[in-house]
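Shown next as structure tokens: one chain only, the form predicted on its own.
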């Protein structure tokens, strides 16, 4: 049974441009987007850019590009918190006036000393309320000395704050362990807590779907909603994403910013499918779901409480499946930029588009990412193959057998008029019998001679694409290599 959603669904993705978007960020965006699309609601993009000191140049553009790449179009925004400062100041002044907040003049040095002393006593660090009950004379003296205060919220000293999480159920925090958190910083910019609550209220956000790390901030937000007499949205805190070793996801697990996955040749359809299954599932067996299926079936009921495990091998497998679903034309079109970027520099540019369309069906079945295509296909573009000559004899043939086999092959192929896979197979299979060789050994020798590899796409199709002249040149080159070994 699905959760009953009474209000019009309005959700937001609210990243901070203090870094480039990573898997966790984008998974949060995806769940919000799927939830909005499932319920016919709105998906809003809000940039929480009030941490001026940590803002990363280009991060806003990267956030938008990453959402666009995945197909997560937003219905409103982007809104920027830095453009809404008067709104935050107005609400902060209201909280001061109604005695829900107070000015704090403590210096960073005093706060750090306080934290260190609390830690020595094995107490959780929190503000000690030093400025909570200052007299008017004390405030006037501090203001006269030029101290620029922050605004802190007056957290109730007793009682409990409870809220209902759509994934975790009832969650309760004791007020005495909560902090008198900062609302406005000394530079006039709001903290996450104040701006987040004000924006969610003013933008009519109905559901807040965010990472589990924000669960401990929710009681503070609930207290703000109560103080302002505002109706809070419904909350759902999404499970963490951990590495295979169950440690926090990091670069050593292959977790890079989402744009890197684009550069590494992952398809947005595969990435969407993979991310959707990090904490959500349709059932216990279905792993491949289209965007339409994800929208149709997504619900918070199927979001787990336990951490999701990132598995790059599964992502590669899934991406390979999606690559093989592409038409040959689509695959060739998507692979071309990677070929242009990563093929050896001695390969002439621009690449021949017709030739790419011919060879890509040979590669499509083997590629797991588009970035693998140049390495899988480079032998099809190079004039001079570089490989270990010993590979020619790795199938168990001696030098004399290999030379005899290649010479006989060259003689047969020189006479071929219709150079296609079927004709080549009709000539070379009987030749193996004539040479008294197994097809495994004979074809293995020809594969190395024509591709420089022991593992390559199907032999006859590969030779057909390479063409008669290139195949004969490579076979003659292999003869020279073996002759040097023999001598």
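Residue numbers count along the first chain shown, from 1. Everything numeric in this text was worked out from a predicted model, so none of it was measured.
Keep in mind the form predicted in complex with a small molecule is missing from the figure; the text below concerns it.
Undergrad: Is the gap between residue 173 and the small molecule in the predicted bound form 4.5 Å or less for some heavy atom pair?
TA: Residue 173: no contact with the small molecule in the predicted bound form.
Undergrad: Just to confirm, residue 196 within 4.5 Å of the small molecule in the predicted bound form by heavy atoms?
TA: Residue 196: yes, in contact with the small molecule in the predicted bound form.
Undergrad: Though only this chain appears here, would residue 48 touch the small molecule in the predicted bound form if you measure heavy atom gaps against 4.5 Å?
TA: Because a heavy atom of residue 48 falls inside 4.5 Å of the small molecule in the predicted bound form, the answer is yes.
Undergrad: Within a 4.5 Å heavy atom cut-off, is residue 253 in contact with the small molecule in the predicted bound form?
TA: Although the small molecule is absent here, residue 253 would stay clear of it in the predicted bound form, with no heavy atoms inside 4.5 Å.
Undergrad: Going by heavy atoms within 4.5 Å, which of 241-249, 206-214, 353-361, 402-410 lines up against the small molecule in the predicted bound form?
TA: Only one stretch qualifies here: 206-214.
Undergrad: Which residue, 79, 153, 192, 322, has a heavy atom that falls within 4.5 Å of the small molecule in the predicted bound form?
TA: Result of the distance check: 192.
Undergrad: Which residue, 14, 11, 463, 478, is the contact with the small molecule in the predicted bound form, using a 4.5 Å heavy atom cutoff?
TA: Only one listed residue qualifies here, and that residue is 14.
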